[in-house]
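So this first bit is one chain, no partners, the form predicted on its own, shown in structure tokens.
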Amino acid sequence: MIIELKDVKKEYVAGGEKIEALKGVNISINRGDFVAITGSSGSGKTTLLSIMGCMETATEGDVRIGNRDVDTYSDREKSLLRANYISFVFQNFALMDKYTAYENIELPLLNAGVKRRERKKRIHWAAEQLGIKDQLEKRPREMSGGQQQRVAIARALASSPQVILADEPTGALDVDNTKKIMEILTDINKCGTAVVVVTHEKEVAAYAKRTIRMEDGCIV
């Protein structure tokens, strides 16, 4: 098991009002899983993904990653976990405009303390998998949306993660690029990496082996 959530609740306070974003969610992600999380805006999809990736902390419940309780992790350990175990792909690509594609892919590897020769090897391997070796010296503004998302996925893949968490990864792309990105994620999944995709698009969810629908902070 890679990730397990038991009776997880998440509450926020906004304008003096308590908001229950998650209401006792139970979910487990295993090696080789391809899971789509669907639901309307505000249903708790992104909050769930953020807790899975240790970007947010649950208010109540148990979160285990790699059979270890996340509450036992220090901030440094959580950072290393995200660098080596879990990778994120976002709708807005989350690339640094001042860096080249190569440098954007390299950033998590630098944070993880990967040595230079190994970084170069991983970056070129990931770029080849994504078909962007000819884009490595370009900056995000010089690339199309589809190319930028490929760079973002290459950045995730270069860390050799156990799981890729993707939040609306095709939301900013046209139909053709959406198909290409989802086919890439499918190929990555076939190699054993678990993939969890948050989406509101039925066409995207159809690529998953398992679909989870959320409503009002609950899995239905």
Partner chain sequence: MIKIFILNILRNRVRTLIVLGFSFFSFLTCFYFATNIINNYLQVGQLGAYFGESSSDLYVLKEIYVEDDASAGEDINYTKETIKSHKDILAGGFEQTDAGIDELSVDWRDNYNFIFTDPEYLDIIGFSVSGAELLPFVLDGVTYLPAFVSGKYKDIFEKDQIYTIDRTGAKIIIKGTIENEKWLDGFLDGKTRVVDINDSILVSFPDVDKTDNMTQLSTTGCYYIKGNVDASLVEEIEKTGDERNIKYVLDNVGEIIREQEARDKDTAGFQIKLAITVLICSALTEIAIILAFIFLGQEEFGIKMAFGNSKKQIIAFTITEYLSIMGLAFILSFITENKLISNEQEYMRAPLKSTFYHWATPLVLCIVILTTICISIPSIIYIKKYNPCEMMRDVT
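None of the values given here were measured: they were computed from a predicted structure. Residue numbers count along the first chain shown, from 1.
Form predicted together with its partner chain: not shown, discussed below.
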Any non-hydrogen atom of S144 within 4.5 angstroms of its partner chain in the predicted bound form: no
Heavy atom of L95 within 4.5 Å of its partner chain in the predicted bound form: yes
In the predicted bound form, R150 touching its partner chain (heavy atom, 4.5 Å): no
Partner contact for W125 in the predicted bound form: its partner chain, 4.5 angstroms, heavy atom: no
Every residue of Q162, T178 and K180 near its partner chain in the predicted bound form, heavy atom within 4.5 Å: no
Option from 182-190, 65-73, 26-34, 49-57 whose residues, in the predicted bound form, bring a heavy atom within 4.5 Å of its partner chain: 49-57
Those residues of 1-33 which, in the predicted bound form, come within 4.5 Å of its partner chain by heavy atom: Y12
